[in-house]
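Read the single chain below, which is given as structure tokens and is the form predicted on its own.
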Amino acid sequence: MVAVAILAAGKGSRMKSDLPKVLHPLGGMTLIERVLNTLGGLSPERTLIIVGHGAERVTSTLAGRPGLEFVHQAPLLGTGHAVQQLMPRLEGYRGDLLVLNGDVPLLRPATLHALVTQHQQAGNAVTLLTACLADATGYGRVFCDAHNRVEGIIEHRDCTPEQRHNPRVNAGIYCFHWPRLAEVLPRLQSQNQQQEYYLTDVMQWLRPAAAVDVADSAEILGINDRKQLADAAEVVQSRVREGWLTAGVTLIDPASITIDETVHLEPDIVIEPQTHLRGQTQIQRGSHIGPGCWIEDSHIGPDCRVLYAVVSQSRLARGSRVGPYAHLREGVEVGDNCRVGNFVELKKTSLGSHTNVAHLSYLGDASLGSQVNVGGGTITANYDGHQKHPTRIGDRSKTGVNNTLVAPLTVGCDVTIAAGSTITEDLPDDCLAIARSRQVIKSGWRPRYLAADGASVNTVPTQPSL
């Protein structure tokens, strides 16, 4: 039996942020969500999250995850005090307790599984995860005998200069036999520089105690400031890029590409430099993305081409082309073999198959049929200052350059709209619509400021006699 406790009560003052530290994003998830995702292979009986600073924000962020129990720590008097808050909740529990930190987000599920397995097979009172670092600054040091039995743990700030030369550090990840831990938790005292109750102090009363070194020291990277958050992001991106390269995705200049772990890619995709894929984005086989794209929470169908574009909460069907310099905002649906070209913005708009919006246009709250051609500079005037209104354009219709379509508006099928027209009334099928002012030419006209010597401002000056 295994229960899990995640320490998530700290403020994280070195982050210099109003956001609780465990809610800072990393690779498309918050730090604490990443920690929770490492538990999949353990199937714990209970998962308890100890909250304190920003407790309401933490609990609301995790509200959609079933089976979580929240335990409040107040005041915040250290890790030992945090685990003491579990005693009423775990009264009568006879299994093991895995203690994790909400700001240590890079652990692999296999590492935790190995830690718990070794702990249970050895019958230890406590087993802790450790690593040997070239630079152990800031970490508590773990002192072991030749058989990795723990003799003591000292926080970095409390170490002597000689003790700080020890490279084995405490990852802050523990597996306890809960009944033995519950017996000694009341003995903790706060006789240290921080006047806090350290969970590590229980090691002096728990035997047998053992250390398990993690092979990849990056897994225990803790997040205490923005620099460490950036370091963790590099680790995440390295793992993600390596995984997709192995899976048959081509990354050109991988170091310039970032991909959230929540993104799904199919083989035979090409990702060009300076492309960033976020959220629940999915890209299907044969598509070519970038360079210079931002794609977020979107679905890109097979054999698409997206170049220098921003695509958010939108869907592209097979064979469509987007960009360069296009912006697809939320709710855009692009059909098969469409083109959305240079300096086009779409919002809550659907395009039927083989429809082109080639350049310099804005379509908002619009629905276009198949084989529609939108001339350059076509604008849907969809907002009246109070409400948004729809525009509908039927199959095979064509707008001219510099058209303004004043919504609400319905344009039928097989309609042609003349260049420069402002359309305010619905158009029936199979027609030509012309809605522009007649051109007027006033010969010899001059603006008032160019008039000279009192001559009429709009009269051509008389030629002087020779």
Ligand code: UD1
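Counting begins at 1, following the sequence as shown. None of the values given here were measured: they were computed from a predicted structure.
Only in words, not in the display: the form predicted in complex with this ligand, which the text now covers.
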{"item": "Sole residue of 336, 395, 155, 266 within 4.5 Å of this ligand in the predicted bound form, by heavy atom", "value": "155"}
{"item": "Listed residue that, although this ligand is not shown, lies within 4.5 Å of it in the predicted bound form (heavy atoms), from 364, 341, 352, 78", "value": "78"}
{"item": "Which of 132-140, 268-276, 295-303, 310-318 sits within 4.5 Å of this ligand in the predicted bound form, heavy atom basis", "value": "132-140"}
{"item": "Proximity of residue 5 to this ligand in the predicted bound form, heavy atoms at 4.5 Å", "value": "no"}
{"item": "Contact test in the predicted bound form: residue 171 vs this ligand, heavy atoms, 4.5 Å", "value": "yes"}
{"item": "Contact flag, residue 332 vs this ligand in the predicted bound form, heavy atom cut 4.5 Å", "value": "no"}
{"item": "4.5 angstroms heavy atom contact with this ligand in the predicted bound form for residue 290", "value": "no"}
{"item": "Three-residue site 373, 382 and 407 fully in contact with this ligand in the predicted bound form at 4.5 Å by heavy atom", "value": "no"}
{"item": "Residues from 100-124 in contact with this ligand (non-hydrogen atom within 4.5 Å) in the predicted bound form", "value": "101, 102, 103, 104"}
